[in-house]
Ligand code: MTE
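Shown here is one chain on its own, the form predicted alone, set out as structure tokens.
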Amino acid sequence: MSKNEIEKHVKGESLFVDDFTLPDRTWFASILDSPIAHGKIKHINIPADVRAFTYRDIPGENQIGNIIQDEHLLAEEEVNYIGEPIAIVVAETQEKAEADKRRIEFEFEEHEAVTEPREAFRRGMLIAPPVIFSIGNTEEAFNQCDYVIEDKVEIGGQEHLYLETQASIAIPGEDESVKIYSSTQSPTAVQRATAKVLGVAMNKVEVDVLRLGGGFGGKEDQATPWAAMCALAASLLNKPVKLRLSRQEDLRMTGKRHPYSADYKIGLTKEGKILAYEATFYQNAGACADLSTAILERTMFHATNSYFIPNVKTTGISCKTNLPPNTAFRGFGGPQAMFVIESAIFKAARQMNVEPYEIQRKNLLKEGDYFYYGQKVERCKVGKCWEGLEKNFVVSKKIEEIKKFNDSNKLFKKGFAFIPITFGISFTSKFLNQASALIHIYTDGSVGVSTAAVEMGQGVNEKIRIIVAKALGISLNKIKMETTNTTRAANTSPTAASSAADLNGNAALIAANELKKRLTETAGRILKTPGENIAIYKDKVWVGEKSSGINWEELVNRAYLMRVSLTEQAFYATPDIHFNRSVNKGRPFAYHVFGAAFVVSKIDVLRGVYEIEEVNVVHDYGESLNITIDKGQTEGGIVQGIGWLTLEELAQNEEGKLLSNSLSTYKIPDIYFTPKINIHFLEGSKNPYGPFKSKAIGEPPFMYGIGAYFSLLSAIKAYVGNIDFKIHSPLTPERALSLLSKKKLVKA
């Protein structure tokens, strides 16, 4: 983020949907949602003086499914999860809307709820048919292995817990049009779904996004229903309507990171080379598809993390359960896959009586290797990141210090873990890898830039400003990022997949370069010299290395008087990507981000409480556009990843009711839990697909949090010895204490 943006946040001056000045006659909405996880709606009685809308009031289609058309905006005869919207209650004040909602009477015929993915699989409750990625022959390879290890892994979900809850304002216009201010990562998804619900053309729906108070994927698809409900109410009332979920409503009614249950089988030689790997992923999708099939596909792409394995077979199964539809979350299925392969390596190391890093290091990807889905490993940096980690942080010395600490301490033990990462950058659906940009240069020299990128605290607007400023050769303070708006940037892809800066930045770069070319030619005509002799930088026009005496503002004004266009729209589509889903082979990613981390933790063996002491990272940023932004994203991703696998425990009862439904029962890392994070930027890495050779940053650092889990298991192992562990995340202090108690059980 820019200094100005940070100052606005600190002063409380930044505007979010809940801060907007509302038009006169605005009504307020509250959502009546299902109190049961599964059943039929037998009866709903809405008092005559209560304004409420159900699916029967929808003029268009009651369908908002994105990938699969299986999600109603409002429940019809059946409900499938606690929190499923049934009716929109509206009133002149929020308080009255809430009170009116409580007056509605309803009756349900309750059915059995299924909340576990393996149980859903046994019952044939699937979102889509299973998917298999494979290469080689795993069965033959296992016969050649000296060690074959099989086990099961349970992976918990994660709450997004963005600061700004889901919110929308809808204002009806003329000719059935509506303008929506939405807290969404996907303006076009909101536009498309709302148009379908209202039964109008997409050009009747305008969606505008200023900024989000956090998203992390939770507003990629799941901002859509609230915006569509708000627009539906506004259209039916012909009045502006505002809808904002309370924190508890947001926790109850929205989906989370997908929990997974997984089986794996890994085969190694006695030297530690991995010859074969199989994994079956049971994904807990929740009641509707949402983005689950795409997320599962990303799991399949990252099943072997940073390792070359010649024989691989992975199976992905998206299971339908009676929970809110789970959704996108930073990493988009990749973290779950990486956690499973790291679990397999940890278990293999135990059986072979070696440290996990000995296996990890021997199997790292190398230049020219192939991923099991057919893509060649290019510009591979994972080995260099690992070497840089050992060198820059003197890891061997740290390991010796940890061993000495453990030898001399009975009540506390330390552990460590390495975690390499290899993360593909691109949407895995090729058509989403496109973006446009619109740049206006005004006659006073100021510049307005519109793209599809949504700013949600990740600094994408600042990066695009930097790109445009560098391309035009002008000061950063001359450039303003406009709101993300579907009338200025149409048919937008979501701000997701770590691709916003790449896609929108490249589009903005193309537009800026075209404007720069146009202006240098104009300067050449003014100065009577060929355009190729002209340069624009430092807000001035130069002829060779000499200043022409013409500054930026004068050049722009003279270009306007000469009727030279000062507006440019540009389009960018990621080249060189393709994937054939009939054989699950291709080149789905433009490039990969690489990195490696060394994580140290300490645990109290009597109480089970612990701290993650330090996370040391060597990360491949390419040529960073802004080191401060990239470092901040890395630190934030690491802490969020650690939280997922340690403190953040989602809990539902057998009836599908969320038990971790407040900030007193759902814990996230705070400043006191945050470890010391040391980051080294890998040098000499240039990315031909990123603007100015940069690389994506949003998601990859999240995976370093996996190292925290295994560093804690290492610390526990230092106390209980080389006994077997069940891999179950998150590793809360309670669960850690249970593992520590195994030492007593062994003695008995």
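Quick note: we count residues from 1 along the sequence shown, nothing fancier. Just so we're clear, the structure is a prediction, and the values are computed from it rather than from any experiment.
Beyond the structure shown, there is the form predicted together with the named molecule, which is absent from this document and is the topic of what follows.
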{"property": "Segment assignment from 41 to 49, 55 to 63, 712 to 720, 691 to 699: heavy atom within 4.5 Å of the named molecule in the predicted complex", "result": "691 to 699"}
{"property": "Heavy atom distance at most 4.5 Å to the named molecule in the predicted complex, all of Val460, Ser498 and Gln633", "result": "yes"}
{"property": "Cys288 within 4.5 Å of the named molecule in the predicted complex, heavy atoms", "result": "no"}
{"property": "Gly643, heavy atom within 4.5 angstroms of the named molecule in the predicted complex", "result": "no"}
{"property": "Proximity of Phe339 to the named molecule in the predicted complex, heavy atoms at 4.5 Å", "result": "no"}
{"property": "In the predicted complex, Ile467 touching the named molecule (heavy atom, 4.5 Å)", "result": "no"}
{"property": "Contacting member of Phe216, Phe598, Phe371, Phe594, with respect to the named molecule in the predicted complex [4.5 Å, heavy atom]", "result": "Phe216"}
{"property": "In the predicted complex, the residue from Lys381, Lys413, His619, Arg330 that sits within 4.5 Å of the named molecule by heavy atoms", "result": "Arg330"}
